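So this first bit is one chain, no partners, the form predicted on its own, shown in structure tokens.
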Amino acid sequence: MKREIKSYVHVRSRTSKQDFKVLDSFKNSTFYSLEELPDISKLLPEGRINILEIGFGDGKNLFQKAAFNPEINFYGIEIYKAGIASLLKKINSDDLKNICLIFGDAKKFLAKIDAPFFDFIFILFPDPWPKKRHWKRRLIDKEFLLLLKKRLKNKGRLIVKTDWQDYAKNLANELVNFPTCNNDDSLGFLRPIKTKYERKGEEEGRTIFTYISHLNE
């Protein structure tokens, strides 16, 4: 059974008037549009571990990790404003001070950073674009991995999870020259919670593939 990609994108891309009010109320504090993003190193306290989640969706993993680890900086980038607004409300409710959300394209965001900055970068269940003719639209390829490598600190780690076998095979091929393990238990307290897509993949009998790579070793 295939994931209903069209329905998924339509739901997540719908932004209500209330969502826009939330975004405006946190603009240039907890939330930034990529075009107005200042020096990222000035957004949260310096001298901490910096963690980025690309495409955080409903934000449950990002929120939980930030809530339980106030001494770590968390950044999330997403292209769907409805998801950002929903997470901003949770952040405000719990008065979290260690999280910053960005609206925009991940590739353009990473290109704006001019030095290694992140200790961990998470990409959890990226859009699989299951039809072969659409594979070129997938986020992770050789060029993107090179960009990630430049933004990870020495010994920093990239964590990718997917439930699509052909995507996993492509990832394995691209990461073959980097030290990689497949056990997310090795992440300890940073092990991601199960996303709705991971649960759905398991329910539909698909294998969950995990790649934890040291791109700078």
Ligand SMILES: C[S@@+](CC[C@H](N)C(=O)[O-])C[C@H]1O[C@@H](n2cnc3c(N)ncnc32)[C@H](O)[C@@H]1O
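Residue indices: 1-based, along the sequence shown. Source: prediction; values computed, not measured.
The discussion below concerns the form predicted together with the named molecule, not included here.
S.K.: Using heavy atoms and a 4.5 Å cut-off, decide whether G57, D105 and K196 all contact the named molecule in the predicted bound form.
M.R.: So, yes: the whole triplet contacts the named molecule.
S.K.: Among the candidate residues L145, L110, I72, I77, which is the single one with a non-hydrogen atom no more than 4.5 Å from the named molecule in the predicted bound form?
M.R.: None of the other options qualify; the answer is I77.
S.K.: With the partner left out of view, is L96 within 4.5 angstroms of the named molecule in the predicted bound form by any non-hydrogen atom?
M.R.: Output for L96 is no: heavy atoms all beyond 4.5 Å of the named molecule.
S.K.: Taking the named molecule as it sits in the predicted bound form, is F125 in contact with it (heavy atom to heavy atom, 4.5 Å or less)?
M.R.: Residue-level check for F125: yes, a contact with the named molecule.
S.K.: Based on heavy atom distances of 4.5 Å or less, which listed stretch (42-50, 174-182, 152-160, 188-196) is in contact with the named molecule in the predicted bound form?
M.R.: Stretch 188-196 is the one.
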